[in-house]
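A single chain, nothing else alongside it, follows as structure tokens in the form predicted on its own.
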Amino acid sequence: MNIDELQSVANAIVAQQKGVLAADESNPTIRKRFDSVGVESTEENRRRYREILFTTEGIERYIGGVILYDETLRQGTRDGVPFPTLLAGRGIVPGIKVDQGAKALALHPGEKVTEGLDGLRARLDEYKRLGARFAKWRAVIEVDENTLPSPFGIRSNAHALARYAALCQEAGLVPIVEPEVLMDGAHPIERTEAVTARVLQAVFTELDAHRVLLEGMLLKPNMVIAGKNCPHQAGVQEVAIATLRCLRRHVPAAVPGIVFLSGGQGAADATDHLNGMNAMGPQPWQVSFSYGRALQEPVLAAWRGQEGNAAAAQQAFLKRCRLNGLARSGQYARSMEAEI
């Protein structure tokens, strides 16, 4: 394990104004995205769409890393340049999703555990040869107003995340550790904060037990927001205060950066919440983003599979990247959505 390299890569991903583009949608997921805009999910359409994203001029000012899917990692531009090579040449760190999805946790109704540890060591070695320098693993934490998640459900996912992270660092890849407390349901923000606290405590206990180098990893948590069906939706300031309070209590300062997932929030809401946190001043870690849908929805809407719309799609993508770059320093305002 090259400690200096792990630290260097982790810090590069969350350098000033920068965050992560999550372009790691599985083929079933990207099919749903394409269906929403009337585009057939062929291998060529998937390749071309990712090419439009990755070749957008100026995104290197705001995007420090891109999470790729297995298919995408092996694809390239029309000119034959592999996507990892293209990204690295622009100063953007290529990464790879390595988990194999959340499946039902046996004998624990309503809970899931993420699979993919079998054979992971060999897959990580291959991905590194293909150009990846970091990886991502997502754990899914179901939450309700009373019983979910169970202590065992939390512990199972925390253990898997730590095993994955240790294998990544052994292979020389920076792990992005993603414990996502879902926003589905009607639970209030207080319930989200309590569950998120328990999850983070368990995750860092397991990371310590597995000897994971905190300085050579990134955390990708949910923001602390109410369930989407909760009648009271907290304002931006309330979300920022609750999220940072929870993280300061449970995330060691040694972690270089926190790259929030958007978790189904709208593009502007995700940016607004990120800005609210950074407007509260410096934190022990970089407070950044790792957005998929919140960066890409406007791009898909502009593109719609039409080559003549490629320039407009890239303009939409650059705009969202720039707005989130501003939110990284607390300089975003909702009025900018119409101005830029």
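Computed from a predicted structure; not experimentally measured. Position 1 is the first residue in the sequence shown; the rest follow in order.
Form predicted in complex with a small molecule: not shown, discussed below.
*Asks:* Looking at R191, R138, R198, H159, which is the one with a non-hydrogen atom within 4.5 Å of the small molecule in the predicted bound form?
*Replies:* Looking at the other structure, the residue within range turns out to be R138.
*Asks:* Identify whether the small molecule in the predicted bound form is within 4.5 Å of every residue in the set D24, S262 and S290, based on non-hydrogen atoms.
*Replies:* Affirmative, all three are within 4.5 Å.
*Asks:* Looking at 207-215, 72-80, 230-238, 262-270, which one sits within 4.5 Å of the small molecule in the predicted bound form if you count heavy atoms only?
*Replies:* In short, 262-270.
*Asks:* Would R133 count as touching the small molecule in the predicted bound form under a 4.5 Å heavy atom rule?
*Replies:* No - in the predicted bound form, heavy atoms of R133 and the small molecule never come within 4.5 Å of each other.
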